[in-house]
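Quick setup: one chain, the form predicted alone, written in structure tokens, and binding and motion questions come after.
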Amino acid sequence: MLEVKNVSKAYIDKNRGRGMVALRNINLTVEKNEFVCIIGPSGCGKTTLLHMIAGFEKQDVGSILLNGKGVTGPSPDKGVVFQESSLFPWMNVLDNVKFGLKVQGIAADKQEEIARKYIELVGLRSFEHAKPHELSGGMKQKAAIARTLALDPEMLLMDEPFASQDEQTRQRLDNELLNIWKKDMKTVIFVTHNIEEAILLADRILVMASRPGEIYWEEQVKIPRPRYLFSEEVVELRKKLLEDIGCCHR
């Protein structure tokens, strides 16, 4: 479904009079309905890579293909969930989820039907008329996920969406995200700093090294779901990934 071929990205710091290579020679493929997590040290270019796949930034070298077509900018087939929910504070949950559908020119009654379907899917039924300031952080992120899913993208790109949550809330949201993924079967690329989160969620984990950012290691996660943090298989994989990430610091 997604092909990233020989992609590199550099930035120029005009004030310091020098450049920095953020990503170098990135190659990866992602299959339809696959759940891929990307982990690595801070500054390794995880978010930059995600933004290029989303079409927010342009690579300097190489190509990014979605279903055989080059990614040239943002498009409805790629939905993005950021670290912050980015909900419109003056709109309630229902209107936030309906917003993108309205922009697309979908009929009002169909907007309502689709929005309520995804509000139900993320577990926010009975909160349709709540404003963002009336929601917890986790509920805001679920509303943001509903808004993205309502547009029916082929691929869901998630940039540390639960990083600001406490540990209990994050684990609950991870489990709920897996349930949503099983029902809706989107292709997901999920950026995280949290090794346990990656193990619990992913079909495949990509470990990135930094300066410049490269894919250092790839791990297929063959542990059956649901996965338990203290199972022997998960503990062993966590140790291995910690060692891999330790080797990624340059």
Partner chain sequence: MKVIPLSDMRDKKEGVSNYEMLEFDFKESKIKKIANPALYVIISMAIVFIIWYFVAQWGIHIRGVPFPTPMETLYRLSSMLQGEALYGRTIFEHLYASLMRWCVGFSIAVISGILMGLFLGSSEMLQKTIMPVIYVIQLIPGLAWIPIALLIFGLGNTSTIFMIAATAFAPIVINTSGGIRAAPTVYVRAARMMGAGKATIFLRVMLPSAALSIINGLRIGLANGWRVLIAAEMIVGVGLGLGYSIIQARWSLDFEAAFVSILVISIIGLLIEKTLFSVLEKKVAEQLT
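What you see is a predicted model; the values in this text were computed from it and never measured. Residue numbers count along the first chain shown, from 1.
Here the subject shifts to the form predicted in complex with its partner chain, a form of this protein not shown in this document.
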Mind telling me which stretch in 113 to 121, 158 to 166, 127 to 135, 176 to 184 gets its heavy atoms within 4.5 Å of its partner chain in the model of the complex? 127 to 135
I'd like to know if Leu94 sits close to its partner chain in the model of the complex, meaning any non-hydrogen atom pair within 4.5 angstroms. no
Any non-hydrogen atom of Lys78 within 4.5 angstroms of its partner chain in the model of the complex: yes
Heavy atom to heavy atom, is Ala108 within 4.5 Å of its partner chain in the model of the complex? no
Can you tell me whether Arg147 touches its partner chain? I mean in the model of the complex, with a 4.5 angstroms heavy atom cut-off. yes
Pick from His51, His193, Arg204, Arg211: which residue has any heavy atom within 4.5 angstroms of its partner chain in the model of the complex? His51
Output the sequence-ordered list of residues from 55 to 86 with at least one heavy atom within 4.5 Å of its partner chain in the model of the complex. Gly55, Phe56, Glu57, Pro74, Ser75, Pro76, Lys78, Gly79, Val80, Phe82, Glu84, Ser85, Ser86
Against the shown form, C-alpha atoms of Gly213 and Glu84 in the model of the complex: closer or farther, for a change of 3 Å or more? closer
